[in-house]
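The chain below stands alone and is given in structure tokens; this is the form predicted alone.
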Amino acid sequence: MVSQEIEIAGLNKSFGQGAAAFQALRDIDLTIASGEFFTLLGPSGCGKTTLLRIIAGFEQPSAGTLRINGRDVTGLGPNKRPVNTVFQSYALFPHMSLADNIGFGLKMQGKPRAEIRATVAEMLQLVRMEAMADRRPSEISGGQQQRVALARALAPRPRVLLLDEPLSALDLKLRKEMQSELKRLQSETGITFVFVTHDQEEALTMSDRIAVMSAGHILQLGAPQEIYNTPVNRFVADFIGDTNFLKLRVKAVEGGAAVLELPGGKTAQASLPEGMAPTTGALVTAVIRPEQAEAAAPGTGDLQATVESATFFGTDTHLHLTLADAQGFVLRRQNRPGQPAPAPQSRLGLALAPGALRVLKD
């Protein structure tokens, strides 16, 4: 049985008093398993960093309880919780060597020198920086500084490591490298990671589970594949990756699926959210991801489209299309040698992947 590392019940957080109060978090109920890589994902102002700071002890909730490893820590300060935090700024001591930076927290805890030396050596090996122990922070790159900050946070062996957008200051290539590095560190240490980001790619590539947040609420909680493939509403579908939204009319409802009339007259089956049963003739919002359709010869496939423009992304090209009823559609096509993008105003068909079309609750 998987134990729960973090248990949050009925948690609310308000800033200010009376009518002017701002409610940052609303009725948060959440459990995070021991050894899980868990991500809080959402736009700026959604409450994700406030929730992280409450777990860390830097903020106190207005209501609700927080338990870590079965212990109620709701009113305890940061130094009395088995957690450590890595912030956006690495905050390394510039006058200290990397080894001394990593061992600083252990020294403040009064650990024996031999234990500090052994732990520092272990952490340097974990982040693959053994040969740089005597360097100063100014003598290493930003990515290496991030590794040192991680090593320093891991050295006291916390039960939970909190990461507040720690990769945001890195360039794209280095950020991707550090995504793999973070996942490796979490897997090797077995420590519960709680990661805050507004970057969907970071969340999808690293997380065991994701909580998508908006306006202080958790809108959807699940594995990356579940969040991406079966979003619960328009906000989640729009925030996680690229999505085509189509207004379509219901021709029939069969069990848990709807038969929808597509632009151009053909029909396609779409899955329905639990509890939703639209009436025949109703207009609904259906979604399909850009990679869940394929280009076909004009006059074939499920949809007919006119090419408006093409955007080259290296590995693939995004074709911006207009359907027969003037609705927009983006098709993601993998690039292959000798395959030019179709010319603007040219025609093509679209074949939809079976089961890819989904109806959303607006």
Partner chain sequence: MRGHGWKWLLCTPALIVLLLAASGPLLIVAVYSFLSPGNMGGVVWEFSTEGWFRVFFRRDIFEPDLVEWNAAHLQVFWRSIWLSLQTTFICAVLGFPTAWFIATRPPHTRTIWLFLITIPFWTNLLIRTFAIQEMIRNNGTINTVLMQLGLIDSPIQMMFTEFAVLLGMAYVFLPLMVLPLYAAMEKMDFRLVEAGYDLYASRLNVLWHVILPQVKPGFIAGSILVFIPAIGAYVTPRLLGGGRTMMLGNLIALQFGQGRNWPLGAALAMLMLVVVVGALILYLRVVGGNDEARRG
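What we label the rigid core is the largest C-alpha set whose atoms superpose within 1.5 Å from one form to the other. Since this is a predicted model, take the numbers as computed values, not measurements. Numbering follows the first chain given and starts at 1.
Missing here is the form predicted together with its partner chain; even so, the following discussion is about that form.
S.K.: Among the candidate residues Thr189, Thr230, Thr285, Ser89, which is the single one with a non-hydrogen atom no more than 4.5 Å from its partner chain in the predicted bound form?
M.R.: Spelling it out, the residue with a heavy atom inside the cut-off is Ser89.
S.K.: Tell me, which of Met213, Val83, Ala203, Met123 has a heavy atom within 4.5 angstroms of its partner chain in the predicted bound form?
M.R.: Contact check passes for Val83.
S.K.: So in the predicted bound form, does any heavy atom of Pro78 sit within 4.5 Å of its partner chain?
M.R.: Contact with its partner chain, yes.
S.K.: Report whether the minimum heavy atom distance between Arg53 and its partner chain in the predicted bound form is within 4.5 Å.
M.R.: So Arg53 counts as contacting its partner chain.
S.K.: Would Glu177 show up as a contact with its partner chain in the predicted bound form if we use heavy atoms at 4.5 Å?
M.R.: Contact with its partner chain, no.
S.K.: Does any heavy atom of Ala223 come within 4.5 Å of a heavy atom of its partner chain in the predicted bound form?
M.R.: The answer is no: Ala223 has no heavy atom within 4.5 Å of its partner chain.
S.K.: For the interface check, one of 215-223, 169-177, 261-269, 107-115 should have non-hydrogen atoms within 4.5 Å of its partner chain in the predicted bound form; which one?
M.R.: Answer to the contact question: 107-115.
S.K.: Using a 4.5 Å cut-off on any heavy atom, which residues of 119-150 would contact its partner chain in the predicted bound form?
M.R.: Going through 119-150 in order - heavy atoms within 4.5 Å of its partner chain in the predicted bound form - the hits are Asp134, Arg136, Glu139.
S.K.: Taking the rigid core as the reference frame, is the Cα of Asp134 displaced by 2 Å or more between the shown form and the other one?
M.R.: Yes.
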